[in-house]
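In structure tokens, one chain follows: the form predicted on its own.
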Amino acid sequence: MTRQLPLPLALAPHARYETFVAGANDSVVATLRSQVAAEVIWLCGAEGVGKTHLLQAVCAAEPQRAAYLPLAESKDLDPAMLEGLGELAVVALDDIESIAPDPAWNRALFEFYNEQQDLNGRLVVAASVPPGRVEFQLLDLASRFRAANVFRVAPLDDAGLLDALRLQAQARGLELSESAGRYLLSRVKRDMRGLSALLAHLDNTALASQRKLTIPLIRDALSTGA
């Protein structure tokens, strides 16, 4: 069954395995790339270490048979949207702890989980903590997730962050020199979520001003509140 992702759930164009710098996360990436059927993988780690990037990369590898759901936006999402997703090859659920207190989401997720595993689909979820520390309302659901294959996603060091920035810039058709990348890293919060958002802004700024992605452009963008 093929499902077209709604626009709010579309994948970021740069979120691919090829643009993910693994650093200490080689085993995580290798496991995700393995595409084992009926597998449940739980990614945990601090904000900005690349969990969302990896979830979307998994889906990008199966573009017609995958769905990515950002559950932190659950107030704007209906649990009924899980119906039928068990037929897809892979489903990625981001910020799963955000729906843990909601009984309706717990019931819908439990039914989806059972359907998907019966049909040999892959489920990849992300949270800030391991499954044993997420207080799901439905105990049977909590029990299912405690059996998941758990990986902690480690943050990148400065060299890794620079490599990741340059890869993402390249994916956008931009050239980010090492000196410009280091200038940027020395002046902003060092997490990939914030850096990716800032790079998108710099891309728009460079396009609008017809300038290259240089230190002067970065300095001007930061001084105007980018």
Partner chain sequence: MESNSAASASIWDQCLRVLRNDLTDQQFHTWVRPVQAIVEDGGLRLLAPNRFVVGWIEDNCLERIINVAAPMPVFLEVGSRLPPIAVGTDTTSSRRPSRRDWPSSRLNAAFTFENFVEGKSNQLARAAALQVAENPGSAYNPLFIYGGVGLGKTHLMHAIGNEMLRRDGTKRVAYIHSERFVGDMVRGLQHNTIAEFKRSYRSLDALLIDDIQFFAGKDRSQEEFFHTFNALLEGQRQIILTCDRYPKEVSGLEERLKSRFGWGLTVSIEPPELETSVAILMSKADAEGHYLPDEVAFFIAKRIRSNVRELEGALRRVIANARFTGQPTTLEFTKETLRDLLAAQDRLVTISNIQKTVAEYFKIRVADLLSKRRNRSITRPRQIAMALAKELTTHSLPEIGDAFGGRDHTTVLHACRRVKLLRETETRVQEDYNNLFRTLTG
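Quick caveat, the model's predicted, so the values are computed rather than measured. Positions refer to the first chain, counted from 1.
There is another form of this protein, the form predicted together with its partner chain, and it is not shown here; the text below is about that form.
Here is the short version: of 177, 35, 27, 170, the single residue with a heavy atom within 4.5 Å of its partner chain in the predicted bound form is 27. Contact check for residue 155: no non-hydrogen atom falls within 4.5 Å of its partner chain in the predicted bound form. Under a 4.5 angstroms non-hydrogen atom cutoff, its partner chain in the predicted bound form lacks residue 202 among its neighbouring residues. Although the partner is absent here, residue 218 lies well away from its partner chain in the predicted bound form, with no heavy atom inside 4.5 Å. None of the heavy atoms of residue 194 is located within 4.5 Å of its partner chain in the predicted bound form. In sequence order, 107, 110, 111, 114, 115, 118, 119, 120, 121 are the residues of 96 to 128 having a heavy atom within 4.5 Å of its partner chain in the predicted bound form; the partner itself is omitted from this view.
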